[in-house]
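Below you'll find only one chain, the form predicted on its own, shown as C-alpha cells.
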C-alpha cells in the first residue's frame, strides 16, 4: 500500500488530558472525564465515558492535523466497546423486572460513538466501527489505510479506545482506560508510515504500565513515542503475542 502521513494525534487517559501531558509523565488527578466538546451537553446525555473518550481524541487529532471534523471520514475501533452500558442494561434486566432505559439502550451499540460525533457535528461522511479484540488498533488502522489506498479519500480520522472493564468483569480484565486518535492523510509532508508487513517479533520502546499496555489502543502509544523521539524504523501496530504487524516510520 502507498505511504500515509500521520498528520496529527490525540490521547486521553485518566490523569492525562492529551499527548503532551502523557509525554511529560505528570498525571493530573483531576482528569477523570474527557471534555469531548464536539458534542453538546443535551446530545451527550446518557453517553458513556468510553464514547466521550473516542470523541475527545478525534477532536484532538483533527485539530492537530487541521482537518474539518464536520466532513472527515471516521474509523473507530474497540475491543470491549460499550461494555459499561451493556453491563448496566443487564443489571436492569435482572433487578428491575426487565425495564430498560431507552436512552441507555440506544447508546449500547458498538458504533454509538460514531453516531454521537457524526450527529453532533452534522458529519455525513463515511464512518465505521470495528471490533478487533486485542488487535483492534491494528485492525482499525489497516482498514483506514486500505480505504486511503483505494482512493476513497485523501484524509481521515481514526480513534481506538477501551475504558476500564466494569464490575464484575474487572476481576477478569484490569487494563487501564486509554483512547488514541490519529489523523492520516495521503497528502502533505511530515511523519509517514510505509512498508506495512508482518514479522514474528517487534521491538517495543514506549514506556507504559502493564495495565495500560493491556489496552487495545496501546500500539498508538508506540506510534506517538516514535514520532516524539524522532525514531525512524519499524513501529509495532499489534499487541504482544503472535505475528506482529509493523510499519516503517519515516520522518521528513
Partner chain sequence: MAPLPITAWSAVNALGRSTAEVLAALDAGRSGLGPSPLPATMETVVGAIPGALAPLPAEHAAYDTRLARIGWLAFEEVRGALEGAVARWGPHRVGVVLGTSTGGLEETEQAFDHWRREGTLPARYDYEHQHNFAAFGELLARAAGVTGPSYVVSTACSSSGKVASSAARLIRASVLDAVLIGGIDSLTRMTLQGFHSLGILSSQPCRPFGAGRDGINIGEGAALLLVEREASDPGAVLLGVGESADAYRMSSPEPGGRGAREAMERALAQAGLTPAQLDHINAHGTATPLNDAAESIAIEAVFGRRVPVSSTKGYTGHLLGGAGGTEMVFALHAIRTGRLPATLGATPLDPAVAIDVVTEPREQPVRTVLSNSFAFGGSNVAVVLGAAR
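Residue numbers count along the first chain shown, from 1. Quick caveat, the model's predicted, so the values are computed rather than measured.
This next part talks about the form predicted together with its partner chain, which is not shown.
Asks: Although the partner isn't part of this model, could you tell me whether residue 1 comes within 4.5 Å of its partner chain in the predicted bound form, counting any heavy atom of the residue?
Replies: Taking the distances in the predicted bound form, the answer for residue 1 is yes, it comes within 4.5 Å of its partner chain.
Asks: Answer for residue 128 alone: is it within 4.5 Å of its partner chain in the predicted bound form, judged on heavy atom distances?
Replies: Within the cut-off, so yes.
Asks: Evaluate residue 143 for contact with its partner chain in the predicted bound form, applying a 4.5 angstroms cut-off between non-hydrogen atoms, and reply yes or no.
Replies: Close contact exists here: in the predicted bound form, residue 143 approaches its partner chain to within 4.5 Å, heavy atoms only.
Asks: Using a 4.5 Å heavy atom cut-off, state whether residue 149 contacts its partner chain in the predicted bound form.
Replies: Close contact exists here: in the predicted bound form, residue 149 approaches its partner chain to within 4.5 Å, heavy atoms only.
Asks: Contact check in the predicted bound form: 87, 98 and 124 versus its partner chain, with a cutoff of 4.5 Å between any heavy atoms. Do all three pass?
Replies: Answer is yes for this spot.
Asks: Heavy atom within 4.5 Å of its partner chain in the predicted bound form: which residues of 196-222 qualify?
Replies: If the 4.5 Å heavy-atom criterion is applied to its partner chain in the predicted bound form, 196-222 yields nothing.
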